[in-house]
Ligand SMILES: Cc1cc2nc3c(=O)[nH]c(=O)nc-3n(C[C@H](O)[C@H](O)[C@H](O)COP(=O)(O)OP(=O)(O)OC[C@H]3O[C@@H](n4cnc5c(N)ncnc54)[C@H](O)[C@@H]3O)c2cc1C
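A lone chain, given as structure tokens: the form predicted alone.
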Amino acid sequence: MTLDHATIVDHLQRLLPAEQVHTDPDELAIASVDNFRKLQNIFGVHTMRRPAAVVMVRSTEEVSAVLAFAQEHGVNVVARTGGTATEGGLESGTEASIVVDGSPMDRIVSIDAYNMQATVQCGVPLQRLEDEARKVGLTTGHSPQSKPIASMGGLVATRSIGQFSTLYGGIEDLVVGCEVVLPGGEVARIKNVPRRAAGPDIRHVVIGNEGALCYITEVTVKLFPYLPENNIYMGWTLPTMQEGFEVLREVMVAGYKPSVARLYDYEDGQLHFSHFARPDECIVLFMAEGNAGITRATADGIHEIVAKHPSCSPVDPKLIEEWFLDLVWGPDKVQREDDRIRTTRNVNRTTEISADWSSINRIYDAAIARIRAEIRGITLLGGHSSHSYINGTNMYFNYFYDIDCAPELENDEFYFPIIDIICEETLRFGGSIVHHHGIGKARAAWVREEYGSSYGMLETLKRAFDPAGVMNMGTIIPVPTTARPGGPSGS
């Protein structure tokens, strides 16, 4: 029998101090969505299921108690820390649900400068960890645009990546070990070692699980020397994305590891570089950092590669540096963007995918052409590549549109159709439908096509770790109660 909200709250208040069980209607409304349906919060029109409560947990023991209760009574658990998710992962997949918020678990357990690693609780904001690491000459090497507001548990749960990924890697390359709470309340710890070959690497069951398998309570991540005095900035304009992708490919295949390697098309580039790039020019840019000798060699090697492309015109490095220093999004920028949308009803969204070098430009061309032809109200449509590898890169589609519908219908009438176009074209050319934001509920309709014949392995993981189905229902693996228009079946 499904518990009603009042009964769920009553049980929770027996487990935890009453002040940790939040039931304010406005807070519950805000907690019913994340940035995937941000217009509902911006315009104050909420149509999604509301949780029974937002539970503020302060320890692993409290998380364990809440998850044991949830499994026993079939109550859906949505794991949250910083709340910066963008793909609907924080939405409630069923009526009987609670948001378990780990943001009070915000202790930096240790910064170990000798072993070059830091251990933190899940609610520690990344910016605070970075600030503390820099006091002893170190850095996390992880810098997503959400750095000022994102927390460590959520970054690991969504398989985050940062702007310096080409050098330091994604969060999966940085996590050393972790502590998690499994459905039912069992606590498990993966120990901190540099590498081991004792069977599969079970860290990767945790990293990117999006709260659908377990609740992350503590993580240990690598640290690196922080040497900003050695940073070298480089940039060029060039005529086409295809040539830009080739420049990126040659840099990566040659073995260079700039911390930043980015390519912007005309329209996306005009948002950032209109003061020096013409409207018909793409921009490719790099930053090298770290040890002085390695940094210099990296910069010299990149210059040699770009010199083989005569259509590339150099940009003053100071302009690239100034742009980069203003790239992160803190609460002030978020508020300004919300105010802009509220005033203009012009919405900005992004969708990121990945593919090999042979396919990425074909995906870019096909998706851009279809969005422009099939979606009404488009006012800007472009994209950039910001994370490259020896065998391929990502593509970050960036688009603005004017909505002519009620704000709560924006996803169905605009955002879902655009996501579906991008997923269709990405899968047609063999790419991945999501590079770093997670599938959440926004792209879950495409998960079978994404995994192909390995989808059964994913389902087996879900059944094994969450047999009662109480962990973030509808995230990653869709269920009928979280179905939405679109997707590969059109249903």
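Note that residue numbering follows the sequence shown and begins at 1. Fair warning: this is a prediction, and the values are worked out from it, not measured in the lab.
Omitted from view is the form predicted in complex with the ligand, to which the following refers.
In summary, the region of this chain contacting the ligand in the predicted complex, judged by heavy atoms within 4.5 Å and restricted to 430-438, 452-460, 46-54, 25-33, corresponds to 430-438. Between the options 242, 145, 230, 391, the residue in contact with the ligand in the predicted complex by a heavy atom within 4.5 angstroms is 145. This chain is displayed alone, yet in the predicted complex one of 258, 154, 235, 141 has a heavy atom within 4.5 Å of the ligand; that residue is 154.
Looking at residue 183, you'd find every heavy atom of it more than 4.5 angstroms from the ligand in the predicted complex. Using a 4.5 angstroms threshold between heavy atoms, residue 210 counts as touching the ligand in the predicted complex. Mapping the unseen interface onto this chain, residue 82 counts among the residues with a heavy atom inside 4.5 Å of the ligand in the predicted complex.
Within this chain, residue 86 lines the site of the ligand in the predicted complex, having a heavy atom no more than 4.5 Å away. Residue 122 is the sole member of 99-130 found to place a heavy atom within 4.5 Å of the ligand in the predicted complex.
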